[in-house]
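The data below hold one chain only, encoded as structure tokens and taken in the form predicted alone.
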């Protein structure tokens, strides 16, 4: 039987996004399921395996898959398939490739999720034809992928692009990575929610609490965005502060790498214009003029499918260590 299909998986802190695709990168069928990261590695592994098996069985294409590509949050050893640290999953030194290959009986290739999103955007999204770009994934946490001179840049130990762990506030809140004042603690979706909870705790977020019907655990970025759109001062201050922090982080990277394009993806960007406008204002203030004049900042062209298409490309290339993405 000819194996002319691949599986691409975008593994996130809250959901597993899986697609079955042909070797041209065209999606045949796809599904999203909860990650259930709090229940541990075994449960997440089970959810991944069941999802792959369900997709292939549903499409009547079992036995035609040649490889699986999966994007995972955090730094990892690409060659060995071991995740060093995934703060949003609570994982350290997890041999995910081995675990999945034992269950799926298929070759499995791992890559950082933001790296794959950068690849996806370069191949099919906002970055087609651009040789030097930064992809920033702003969601529950913040990740990044770098394409420099037409190639994905891994760094010496496959750890390049961790934008969320640039230090912005040296004595700030402790990050899941163990550092203090990381960009992720100030500009991510979880950071916005934490800021809202801090306001409630200090007695200055009554409107936020009322909107959550008196239950702080129901405060999320969607609620914050709704209130901000209605003109609520506390919600607007949260979005503007987070956007400003993101702008500081991006300006640092723009000054360092001088890209022609910055692509922003991730669910946190759905909170509205105040966040984006504060980011752009801060980048324009802090980036060197020569760098600022050359760069465009745009939303991801593929929406939440950026990483999925990158994972599909990874499986199609069968884990090729050298990404030559053209352009």
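Positions refer to the first chain, counted from 1. Predicted model, so just to flag it, every value in this text is computed and none were measured.
The following text describes the form predicted in complex with a further copy of the same chain, which does not appear among the structures shown.
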| Of the options 170, 214, 129, 231, which one has a non-hydrogen atom that comes within 4.5 Å of a further copy of the same chain in the model of the complex? | 170
| task | Note which of 46, 54, 62, 285 lies within 4.5 Å of a further copy of the same chain in the model of the complex, where distance is taken over heavy atoms; exactly one does. | result | 285
| message | Taking a further copy of the same chain as it sits in the model of the complex, is residue 146 in contact with it (heavy atom to heavy atom, 4.5 Å or less)? | response | yes
| message | Taking a further copy of the same chain as it sits in the model of the complex, is residue 179 near enough to touch it, meaning that at least one heavy atom pair lies within 4.5 angstroms? | response | yes
| message | Can you work out whether residue 252 and a further copy of the same chain are in contact in the model of the complex, taking contact to mean some heavy atom pair no more than 4.5 Å apart? | response | yes
| query | With the partner left out of view, is residue 154 within 4.5 angstroms of a further copy of the same chain in the model of the complex by any non-hydrogen atom? | reply | yes
| For the chain seen here without its partner, which of 154-162, 190-198, 100-108, 216-224 has a heavy atom within 4.5 Å of a further copy of the same chain in the model of the complex? | 154-162
| Do heavy atoms from each of 7, 35 and 88 fall within 4.5 Å of a further copy of the same chain in the model of the complex? | no
| query | So which residues in 292-309, when you check a further copy of the same chain in the model of the complex, have a heavy atom no farther than 4.5 Å from it? | reply | 294
